[in-house]
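Next comes just one chain, in structure tokens: the form predicted alone.
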Amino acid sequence: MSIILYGAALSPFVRKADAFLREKGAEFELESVNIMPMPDWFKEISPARRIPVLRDTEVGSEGPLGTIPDSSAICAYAERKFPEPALYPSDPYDHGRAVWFEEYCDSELAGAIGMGIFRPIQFSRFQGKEPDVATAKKTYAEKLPRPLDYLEGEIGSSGFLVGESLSIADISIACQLVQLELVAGPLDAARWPGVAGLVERLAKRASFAPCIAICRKIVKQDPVDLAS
């Protein structure tokens, strides 16, 4: 097996790369890396000190050679290495839009969910503390609606963000919102029906199921109701 994906299943960015590779039908090994603290060997292949990092042993088996850091770079690499099925649109405009949604979900949406909701709840639990529900509720009410409203308005009649089929845009939004669901339950389908429906469909796909199953074993507590 030439492809190794280093990271932790609980990371939405590892989840994105994991699901992308599975959608491609690529054979790979997910190798868990504990980044607290980050081992020296991993620092050598992750200049930004983040997960995931992919290694293609056909290119290099030691050190930085053969490695690709960052989930977006990994997905771009995998698209070229495993061209079918295509997960980036061939049309230039649609391609640009898909890359934009990937970036938006990885930054704006991830910032609100990861830093404002997931960390205050789950990282507190990992440290043996009570969840910071107040911070999570404030984020849920004040910061999360804006990106969700925007994305809701961009989902077409096909149920996808771009075109008529699954793309990196859809994988990116689902991976971030699965993170929200783990600690706060499913998204409000009455308020954001398009987004909620997309995430529900993708979470059931065979490409998402293995990583989500691992996450549910890690996050054992019941979701926190942030809407009340």
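One-based numbering along the sequence shown. Computed from a prediction, not measured in an experiment: that's the story for all the values here.
One more form of this protein, predicted in complex with a small molecule, exists but is not displayed; see below.
Using a 4.5 Å cutoff between non-hydrogen atoms, Leu166 does not count as a contact of the small molecule in the predicted complex. Taking non-hydrogen atoms only, Glu181 never approaches the small molecule to within 4.5 angstroms in the predicted complex. The shortest heavy atom separation between Lys43 and the small molecule in the predicted complex exceeds 4.5 Å.
At a distance threshold of 4.5 angstroms between non-hydrogen atoms, Phe208 is out of contact with the small molecule in the predicted complex. Residue in contact with the small molecule in the predicted complex (any heavy atom within 4.5 Å), chosen from Arg119, His95, Arg125, Lys81: Arg119.
Considering the small molecule in the predicted complex, the lone stretch of 140-148, 86-94, 154-162, 68-76 in range is 68-76 [heavy atom distance within 4.5 Å].
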